[in-house]
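The chain below stands alone, shown as structure tokens; this is the form predicted alone.
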Amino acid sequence: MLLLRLLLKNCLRHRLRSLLTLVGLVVAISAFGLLRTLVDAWYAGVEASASTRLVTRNAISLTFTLPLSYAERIRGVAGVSGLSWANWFGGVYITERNFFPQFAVDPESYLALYPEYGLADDQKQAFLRDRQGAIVGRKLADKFGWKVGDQIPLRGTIYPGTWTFPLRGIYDGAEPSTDEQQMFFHWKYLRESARKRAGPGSSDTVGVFIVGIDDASEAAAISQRIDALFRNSLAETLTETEKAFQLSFVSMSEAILVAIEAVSLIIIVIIMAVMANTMAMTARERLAEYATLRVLGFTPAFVSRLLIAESLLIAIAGGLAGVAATFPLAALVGRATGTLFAVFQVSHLTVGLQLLAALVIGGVASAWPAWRISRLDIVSGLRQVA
């Protein structure tokens, strides 16, 4: 207790300097956490992926579709336990700024493959009965103030015209990482509307097939079996795990993510240099005091630990305050970005890295001054003016 009181008095001896150092730490640690959260948000879809789901798409590109007739052949592949399909819709709600993902799906089979989308039984049945109906995630409904029964108008881009969907249900994610900013409606409704425009001779196509499997360790083998079925056909397939499918989108922004991670580390290095300068000034000002402690019989190791402990105390205080500031900042950024990120929340790993960064800053910043005072010549130290 006496040692703690001594450390607190030392920290508060130059209050303005300590305060400015503390503010710098708070800014650096919260900025580090915010940038880490941004990177996590980019990978949210990857982390939420299930190991027992595969995605089959056109081998050329996602912009090319696949015939619906592939469904029965995929169902017959050994190891396949479930199958559904989806089409990207790409509609606009009022303005382009209100972007959110919309998918035309086969409702019953799709929801069976995504048990993490929690939907009340009455809302699920209402959605299945109404071919024009739609469901949305809780965050999306809260953002626009939608309630069950509301009419949601979308202006089509890929599929021109104005589309109106009665909201039949709002789903909740089973996990914090579950995407609650999506909209789903009936693929058959989209197909019927497309047929009216293109004529009865138009073929049924889908964007991707979602394949359910029982054994995640067989994912690679099952993927190869599916792709072998359609090799040398007019629409060859590429089947991969859902995680790999999501990573293909993240990889498009890999350079940006690397830059963000680099900036987060640079921030830590800068505040480490500032902290080191602060501790070096502190050590120089107290040479006479440290020399006096040596005269009284305290060991060089004790004197060094005293300075290191003071540095760690300041760093931990700044780190805890920085962590606390990260949460409201992340909430503000999450609201500002709207539906750009499916999940924008501070993870336990980010908090751990922030606290670790604070400890590293405190330890490294005091290492050189502590080593210097451990080698302090007592006579030279006593000659210094306190």
Partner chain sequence: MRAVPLSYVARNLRVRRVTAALTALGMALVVYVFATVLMMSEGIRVTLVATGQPDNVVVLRKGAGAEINSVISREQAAIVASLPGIATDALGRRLASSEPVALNNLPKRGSGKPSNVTVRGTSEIGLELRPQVRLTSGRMFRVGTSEIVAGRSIAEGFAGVGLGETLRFAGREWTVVGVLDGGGSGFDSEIWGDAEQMMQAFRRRAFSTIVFRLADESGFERMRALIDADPRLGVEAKPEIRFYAEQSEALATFISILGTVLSVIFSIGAIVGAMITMFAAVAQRVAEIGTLRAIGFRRGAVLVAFLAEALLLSLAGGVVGLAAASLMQVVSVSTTNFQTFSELAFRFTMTPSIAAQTLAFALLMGLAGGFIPAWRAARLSIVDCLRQA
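Each form is matched to the other, and the largest set of C-alpha atoms that superpose within 1.5 Å is called the rigid core. Remember, predicted model here, so these are calculated numbers, not experimental data. Numbering follows the first chain given and starts at 1.
Note that the form predicted in complex with the partner chain isn't included here; everything after this is about it.
Novice: Would you kindly say which of 109, 224, 125, 277 lies with a heavy atom within 4.5 Å of the partner chain in the predicted complex?
Specialist: Exactly one listed residue reaches within 4.5 Å, namely 277.
Novice: Which residue, 81, 98, 132, 157, is the contact with the partner chain in the predicted complex, using a 4.5 Å heavy atom cutoff?
Specialist: None of the other options qualify; the answer is 157.
Novice: Using a 4.5 Å heavy atom cut-off, are 16, 20 and 249 all in contact with the partner chain in the predicted complex?
Specialist: All three within 4.5 Å in the predicted complex.
Novice: Any idea which of 260-268, 164-172, 182-190, 109-117 reaches within 4.5 Å of the partner chain in the predicted complex, heavy atoms considered?
Specialist: Of the options given, it is 260-268.
Novice: When the contact criterion is heavy atoms within 4.5 Å, does residue 64 count as touching the partner chain in the predicted complex?
Specialist: Although the partner chain is absent here, residue 64 would touch it in the predicted complex, with heavy atoms inside 4.5 Å.
Novice: According to a 4.5 angstroms non-hydrogen atom cut-off, is residue 236 in contact with the partner chain in the predicted complex?
Specialist: Residue 236 belongs to the contact set for the partner chain.
Novice: So in the predicted complex, is the partner chain close enough to residue 24 to count as touching (4.5 Å, heavy atoms)?
Specialist: So residue 24 counts as contacting the partner chain.
Novice: Counting only non-hydrogen atoms and a 4.5 angstroms cut-off, does residue 255 reach the partner chain in the predicted complex?
Specialist: Residue 255 belongs to the contact set for the partner chain.
Novice: Taking the rigid core as the superposition reference, indicate whether the CA of residue 367 shifts 2 angstroms or more between the shown form and the other one.
Specialist: It does, since the residue 367 C-alpha is displaced 2 Å or more between the shown form and the other one after the core fit.
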